[in-house]
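This document starts with one chain, in the form predicted alone, laid out as structure tokens.
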Amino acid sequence: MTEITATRSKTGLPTLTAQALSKTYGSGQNARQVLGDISFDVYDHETVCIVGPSGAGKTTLLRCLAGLMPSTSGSVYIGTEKVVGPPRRMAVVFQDYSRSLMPWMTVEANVELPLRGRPGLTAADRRHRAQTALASVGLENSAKLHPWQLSGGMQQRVAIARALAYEPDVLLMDEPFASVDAQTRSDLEDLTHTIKAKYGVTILLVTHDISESVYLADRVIVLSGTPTSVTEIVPIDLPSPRDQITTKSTPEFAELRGRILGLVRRHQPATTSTAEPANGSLMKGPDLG
């Protein structure tokens, strides 16, 4: 495992641990190993971003961490609790918000939906949590609308509110801003900082955008090509609060962005263009899983 210096929680124990994770699809001659030996820790109140070459299996990794897909070997822990299925202490925000929201339900009902299975919550409790979460993402006046009446950025805010209403210890986000325009993406990045400060939630976010990873993260985990392993874990020592203009204009930001981009390009498949778009993202190819 790559040695790193990280911010520890008061107990010194990681909030989320990936321990020697591997994932192989198929068997025999058709077997293909996507994830190799992947180990890392995420600590209390951290934001950690995962980047890597296209097709490296970042989404597969996130699904294994969330208990949505079994790994071939290795383990995942939240604190000392082994993850063997979707854990109660974790919530996931997916990239495709249009599929994760129920179009026939109101915004408020969508946010309340995962709370229906939580024991001890009354209808009034669920409504209060939903309203509080919607206010946190600036949608307190949209509760009675339906998702199809909202813009893409607003729909993704609904998905984030739904995760927050669940009150998780760990929030996993799979390229949550990839399907929105550049201005909305910047707004949602800043919202992520606000959410972390307000809720104290630990965030693990997969992104193809190198600039986004540097702007959001306390640390960035850089993955190799398949079979995927951890190439390096880069501390992001930028001051807080961060600002879209000031932070991204500093030499320190540019240096970190260049370092991480170089690490990713080193493992980029030869058949994939390494040209980086102006916004600092890597061109996405098919990601296994």
Partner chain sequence: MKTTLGKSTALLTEVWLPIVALAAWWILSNKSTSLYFPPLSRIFSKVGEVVTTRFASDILPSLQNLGAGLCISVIIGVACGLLLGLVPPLYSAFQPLLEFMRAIPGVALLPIALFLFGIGSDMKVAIIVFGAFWPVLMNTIDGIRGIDVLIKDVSRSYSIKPWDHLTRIVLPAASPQIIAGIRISVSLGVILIVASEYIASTEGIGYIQLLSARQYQMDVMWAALLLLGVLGYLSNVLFRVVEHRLLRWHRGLRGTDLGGQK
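Positions refer to the first chain, counted from 1. Treat the numbers as computed from the prediction; the structure is a model and nothing was measured.
Absent from the display: the form predicted in complex with the partner chain. The rest refers to it.
For the chain shown alone, residue 105 is a contact residue for the partner chain in the predicted bound form, at least one non-hydrogen atom being within 4.5 angstroms. Mapping the unseen interface onto this chain, residue 67 counts among the residues with a heavy atom inside 4.5 Å of the partner chain in the predicted bound form. The closest non-hydrogen atom of residue 63 lies within 4.5 Å of the partner chain in the predicted bound form.
Residue contact with the partner chain in the predicted bound form: residue 116 places a heavy atom within 4.5 Å of it. Although the partner chain is omitted here, in the predicted bound form all of 91, 94 and 148 have a heavy atom within 4.5 Å of it. Put simply, of 186, 100, 136, 211 only one has a heavy atom within 4.5 Å of the partner chain in the predicted bound form, and it is 100.
Residue 163 is the only one of 206, 130, 163, 203 with a heavy atom lying within 4.5 Å of the partner chain in the predicted bound form. For the partner chain in the predicted bound form, the listed stretch (71 to 79, 215 to 223, 116 to 124, 191 to 199) containing residues with heavy atoms inside 4.5 Å is 116 to 124.
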